[in-house]
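Read the single chain below, which is given as structure tokens and is the form predicted on its own.
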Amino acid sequence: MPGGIQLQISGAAQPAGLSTLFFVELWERFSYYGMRAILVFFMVAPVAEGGLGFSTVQAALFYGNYTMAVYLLALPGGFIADRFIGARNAVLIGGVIIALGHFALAAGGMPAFYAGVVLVSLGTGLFKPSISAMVGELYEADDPRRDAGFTYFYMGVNIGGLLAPLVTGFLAQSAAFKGWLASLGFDPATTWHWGFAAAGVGMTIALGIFMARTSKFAGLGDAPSVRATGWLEVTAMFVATAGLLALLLVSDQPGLEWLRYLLIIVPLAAIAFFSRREDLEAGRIAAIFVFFVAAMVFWSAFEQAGLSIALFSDRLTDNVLFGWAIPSAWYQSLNPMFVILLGPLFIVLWTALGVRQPTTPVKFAMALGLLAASFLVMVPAALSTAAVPASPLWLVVYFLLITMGELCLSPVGLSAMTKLAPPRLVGLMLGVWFLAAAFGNKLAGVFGTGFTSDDPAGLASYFASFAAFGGAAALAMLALTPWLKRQMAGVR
């Protein structure tokens, strides 16, 4: 079975448990990205076609809140694993909750829909940080196989992300599958729930692999023998998380939209506070919060892939290839496909350049510039829809450019957090890094409310605003590079 394969990367055999965690993560990400690929389509589909009949604005805000919660709940999820139940139990419990969530979505009905989304969010908050922690525990701190092992693990994430939309998109959207169901006497409008069920099956496979190979993890991810955490610390963590989540949810209410400005004001205030102090640690933390803002900007646009870009692919793109209609969810596989293809090339490039490679601030500027270029491509694509549906090649180029941006920012940012954070605060700063993704996803939902499919000029202006936003952020990052180098104090 998969857990029995011993991986060998760069000539060095990896720990036996890595192959199990690789396949567990692959199937968990299959479940997450499979559900994500069809979520917006399901929400905006008319009730007569089995959907929820949400408006674009309703679906965008809901999508932003859901993807925000997935990242935000990783903070208390990691806290629970570290202080109480251990990473191994957190993976198992979180996986069960995720599977229940997907099967609730498959059941149909509005109550089941909301219950399913809540369960997937809670389960992922437990699962996501804990399985990464278990991978880290496979190695000693100075083990030369460590980076290669994490690279392989990251490939599992993207293989799952590549396969998931192909499967759930076919089940949910394919005319062929709808016809087959109808021939068996089933209602073809229920195909959305077959897609959600496939995501649940993926998570169930992940749990089966994990439980079957649990002997590989003896002593790994155990619960702490002594729980030194006091009730005050526990209460503070959960009150802070619940308060922040509630605040961001309430910001969608009319008259309270101003609360969203806190997403920018708070990190800018942190930059100002730490940059005024003259010690080395404070300077590096100030730099961390600059990267926080840049990452938040990036993710707010990147996550349009599952929102406005997904709607563009569904409503405005010519999806007929060789006479066969392609499910629009399939475009969601382009990003992980390009990560798999380009990731090794970026590794070779940075390695070959060595000390001559761009610094972290310049790589962030490159990421934001590529983000701007990806949305600039969508401007003529939007204008072209005034006459005919857009060519799918526009989306291929879009995903190529934005994936290159992701590779300049995501792994680079994670590495920078571990180098810039004071040793006693590494865990906290990694939490801050994931919080940037949560805030960015929230903004993605807010920005997604501006999508329109019946005004080509308006849609072109909408995409151009992302290009301008990303371009301005890239220029700001370049302008700040000399100052950031001083704040980073020798860290590249």
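Numbers for residues come from their place in the sequence shown, where the first is 1. All figures in this text were calculated on a predicted structure; none of them were measured in a lab.
Here the subject shifts to the form predicted together with a small molecule, a form of this protein not shown in this document.
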{"query": "Trp194, Phe274, Phe170, Tyr154 - the one with a heavy atom within 4.5 Å of the small molecule in the model of the complex", "finding": "Tyr154"}
{"query": "Contacting member of Arg145, Arg213, Lys363, Lys128, with respect to the small molecule in the model of the complex [4.5 Å, heavy atom]", "finding": "Lys128"}
{"query": "Touches the small molecule in the model of the complex: Glu406 (any heavy atom, 4.5 Å)", "finding": "yes"}
{"query": "Touches the small molecule in the model of the complex: Phe434 (any heavy atom, 4.5 Å)", "finding": "yes"}
{"query": "The small molecule contact at Thr359 in the model of the complex, heavy atom, 4.5 Å", "finding": "no"}
{"query": "Residue contact check: Ser410 to the small molecule in the model of the complex, 4.5 Å heavy atom", "finding": "yes"}
{"query": "Contact check for Tyr63, Tyr66 and His102 against the small molecule in the model of the complex, heavy atom at 4.5 Å", "finding": "no"}
{"query": "Segment that reaches the small molecule in the model of the complex - one of 194-202, 154-162, 245-253, 81-89, heavy atoms within 4.5 Å", "finding": "154-162"}
